[in-house]
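Only one chain comes next, encoded as structure tokens, the form predicted alone.
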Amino acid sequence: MKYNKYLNSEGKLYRKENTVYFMDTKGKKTPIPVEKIYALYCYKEVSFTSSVVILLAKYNIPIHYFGRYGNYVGTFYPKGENYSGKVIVQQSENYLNSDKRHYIAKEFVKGSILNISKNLSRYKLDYDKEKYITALQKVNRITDIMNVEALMRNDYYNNFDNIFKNFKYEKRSRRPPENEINALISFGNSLLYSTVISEIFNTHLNPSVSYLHEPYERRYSLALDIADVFKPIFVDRLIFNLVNKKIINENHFEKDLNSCLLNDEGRAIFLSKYNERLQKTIKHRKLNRNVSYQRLLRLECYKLEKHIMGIEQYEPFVIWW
């Protein structure tokens, strides 16, 4: 089984014959078995040579880069051998047709609402999911769909102070996050976004053609659409667990006057637990077999591809546990 490799210290990647090595600033060398790697995630400055790129491309391994705040910066990905002109044409047609675009965008938001509701029900917290689903059915512009999404997510976040035992959420703050909970949310959301990008690249979908988020230049907005459905499962549940079990505590953050970020140790803990979550398996109701959390993301991409090709109507993934 392939796995993700997280590089949490400065250094360089170099190639010796058919093996890639990571060497940190102290000269410590770690071999990276490319045939077993799914994706590389770089959280510090990491340089690499063209011979490394050629070998990673051969094995279709993407490299995701993140900035100082844990924000996603970009991805190197080998040329898109999976692209299908037929799928891209249909993907664009579903974007250009307002009714078709609105259907997909609303399904993404509906999935988020239902998964958020499931999260809050575990803590016996009230959440009026029907109010937001009804509101969603009444609107017919992307800006209005986005407004429903913003309202329901704000309502969700306002419940966080009833869930966390050790930290305060207070309000959503980004770039930089102002407290521990916001630091964890921002870090986790960026990580999930890059994980979804890896999965989209393994399908025929084009990551820049999206439906809920506008497909601006220089971003993979389809990954934002799909990640929204899975944030409550992959990111929020992980944060609830890390904080309330005191796996991450105040010693795992570095604070400045206006910012709060995970330090090296905190980031390593989060990445380790996130990776465990990706590999965790569940019995899939429809497939009737065990699949990993990471595989759920790929299956969501396949469902969307089937929808835009007119094979099967898309319905978002909703937690049943």
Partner chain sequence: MYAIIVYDVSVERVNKVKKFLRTYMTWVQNSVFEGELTKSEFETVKIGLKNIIDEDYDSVIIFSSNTSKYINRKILGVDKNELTDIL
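Not measured: the values here are computed from a predicted model. Numbering follows the first chain given and starts at 1.
Note that the form predicted together with the partner chain isn't included here; everything after this is about it.
Colleague: Can you pick the one in 271, 296, 278, 53 that has a heavy atom within 4.5 Å of the partner chain in the predicted complex?
Modeller: Going through each option in turn, the one that passes is 271.
Colleague: Only one of 30, 258, 290, 49 has a non-hydrogen atom within 4.5 angstroms of the partner chain in the predicted complex; which is it?
Modeller: Contact residue from the list: 30.
Colleague: I'd like to check something about residue 302: if you look in the predicted complex, is any of its heavy atoms closer than or equal to 4.5 Å to a heavy atom of the partner chain?
Modeller: No, residue 302 sits far enough from the partner chain in the predicted complex that none of its heavy atoms falls within 4.5 Å.
Colleague: Would you please decide whether residue 6 lies within 4.5 angstroms of the partner chain in the predicted complex, comparing each non-hydrogen atom pair?
Modeller: Result yes; residue 6 sits at the interface with the partner chain in the predicted complex.
Colleague: Considering non-hydrogen atoms and a 4.5 Å limit, does the partner chain approach residue 21 in the predicted complex?
Modeller: Yes.
Colleague: Are any of the heavy atoms in residue 35 no more than 4.5 Å from a heavy atom of the partner chain in the predicted complex?
Modeller: Taking the distances in the predicted complex, the answer for residue 35 is yes, it comes within 4.5 Å of the partner chain.
Colleague: Counting only non-hydrogen atoms, choose the one of 282-290, 63-71, 250-258, 263-271 that falls within 4.5 Å of the partner chain in the predicted complex.
Modeller: Contact-bearing stretch, as computed: 263-271.
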